[in-house]
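Heads up, the chain below is alone and in the form predicted alone; it's given as structure tokens.
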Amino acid sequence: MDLFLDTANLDEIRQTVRLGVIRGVTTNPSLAAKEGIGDLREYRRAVQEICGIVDGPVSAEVIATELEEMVRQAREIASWAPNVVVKLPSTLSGFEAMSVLSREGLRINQTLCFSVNQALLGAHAGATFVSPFVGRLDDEGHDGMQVVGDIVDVFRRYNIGTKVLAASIRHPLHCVAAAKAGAHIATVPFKVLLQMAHHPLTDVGVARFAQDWGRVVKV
């Protein structure tokens, strides 16, 4: 399972790229707003900078909700960099836009997916990635990871090439569960990625090795 970083923060992206553990980045309007990005021109500059840091797919989301403007924005976003993937929502307008744009060769990340039905529609409309939102499903009393697993099973059964990207990841156990469910990708916040790297027994072991070495090494 590949890991993407879910952020619009350039410092977080640079640090994680140095670690060598991520294969892409996902952004959205909420993450952009969190970084003080207030219009499409600022968003373009930020996405282009991210695309210069990360070799893999960088997902950038349309703001529009109506079909014609959605398609126009998607084409513009796709022109920003070769590795941009356009995020489109799981709505009727979104599915129609996916159908139009995928035929033009654009790569699509179907976002705000909450069911197998929505995932199937997106796959048939030409989505490259489908992003079930695990945490938000859990918030509403559903089993978000079960939805991920069900989508993976259906896609495998029918040899559907769309990749399953587990999104709205809230904690490291979500990453473990996504991997066990067969997700192709999990996109994680920076905080969760740091938590994935940490284990108290590793800290204890490092300290003990240093202490033991210090007893025998003469300076």
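What you see is a predicted model; the values in this text were computed from it and never measured. Numbering starts at 1 and runs along the sequence shown.
Keep in mind that the form predicted together with a small molecule is missing from the display, and what follows is about it.
*Asks:* Taking the small molecule in the predicted bound form as the reference, which of A167, A178, I151, A60 has a non-hydrogen atom within 4.5 Å?
*Replies:* After the contact test, the surviving option is A167.
*Asks:* So which of I53, A64, I160, L31 gets a non-hydrogen atom within 4.5 Å of the small molecule in the predicted bound form?
*Replies:* Of I53, A64, I160, L31, the residue with a heavy atom within 4.5 Å of the small molecule in the predicted bound form is L31.
*Asks:* Go through 115-123, 68-76, 131-139, 94-102 and give me the stretch that gets within 4.5 Å of the small molecule in the predicted bound form, heavy atoms only.
*Replies:* This holds for exactly one stretch, 131-139.
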